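Before any questions on binding or motion, here is one chain by itself as structure tokens, the form predicted on its own.
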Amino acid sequence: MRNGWSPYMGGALTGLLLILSVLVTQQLLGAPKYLGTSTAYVKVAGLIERAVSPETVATNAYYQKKKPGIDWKVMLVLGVPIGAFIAAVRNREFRLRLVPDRWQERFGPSPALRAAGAFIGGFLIIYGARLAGGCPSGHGLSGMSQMAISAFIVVAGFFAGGIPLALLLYGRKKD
């Protein structure tokens, strides 16, 4: 049994955060900024690339549109794992492990295989998010809260692809 928060409470608090972010950014910036994280990765990638090749970033049309830098979305991306760590420690659920139990049951104890799987999965997720024009939090929270038809279609696609893939990779959990 886990000691964590209720998923319903987490969902309600996420909804309140979305409303608060829209209200605050509307007041401070003059235009609402909605929750989403995939742009944060682009901004950080641009910062790293600018350190290596500033002229490439300066002439890249995409980086002209998505300016490299640290903004509130980058801080949100950093805050999620920090908050998860604090919650896990607080609930006495934190364990340091290279290979999660569920992965180990299915694919074995190799940290290298787990790292390769995580890298490939992460690459596909961020690539897909950029192709879709946003990430699951952007489409799922912000897009659906605005009743955007495109967000409903994309979120349906996330589930239509994610559920079968999870079943294929992990199978059904046997309790």
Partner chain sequence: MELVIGLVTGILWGYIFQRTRILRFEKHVGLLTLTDLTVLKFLLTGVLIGAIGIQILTTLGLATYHLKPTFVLANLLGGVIYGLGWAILGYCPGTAPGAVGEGSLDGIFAVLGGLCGAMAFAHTYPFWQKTVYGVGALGKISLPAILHFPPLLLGIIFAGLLLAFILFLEKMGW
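Predicted model only: the values in this text are computed from it and were never measured. Numbering follows the first chain given and starts at 1.
In what follows, reference is made to the form predicted in complex with the partner chain, a form of this protein that is not presented.
> Heavy atom to heavy atom, is residue 65 within 4.5 Å of the partner chain in the predicted complex?
Contact with the partner chain, yes.
> Does the partner chain come within 4.5 Å of any heavy atom of residue 60 in the predicted complex?
Although the partner chain is absent here, residue 60 would touch it in the predicted complex, with heavy atoms inside 4.5 Å.
> Residue-level question: is residue 122 within 4.5 Å of the partner chain in the predicted complex, judged on heavy atoms?
Yes.
> Can you tell me if residue 37 lies within 4.5 angstroms of the partner chain in the predicted complex, counting non-hydrogen atoms only?
Within the cut-off, so yes.
> Given a 4.5 Å distance limit between heavy atoms, list every residue of 137-167 close to the partner chain in the predicted complex, or none if there are none.
137, 138, 139, 140, 141, 144, 145, 146, 147, 148, 149, 150, 152, 153, 154, 157, 158, 159, 160, 161, 162, 163, 165, 166, 167, in sequence order.
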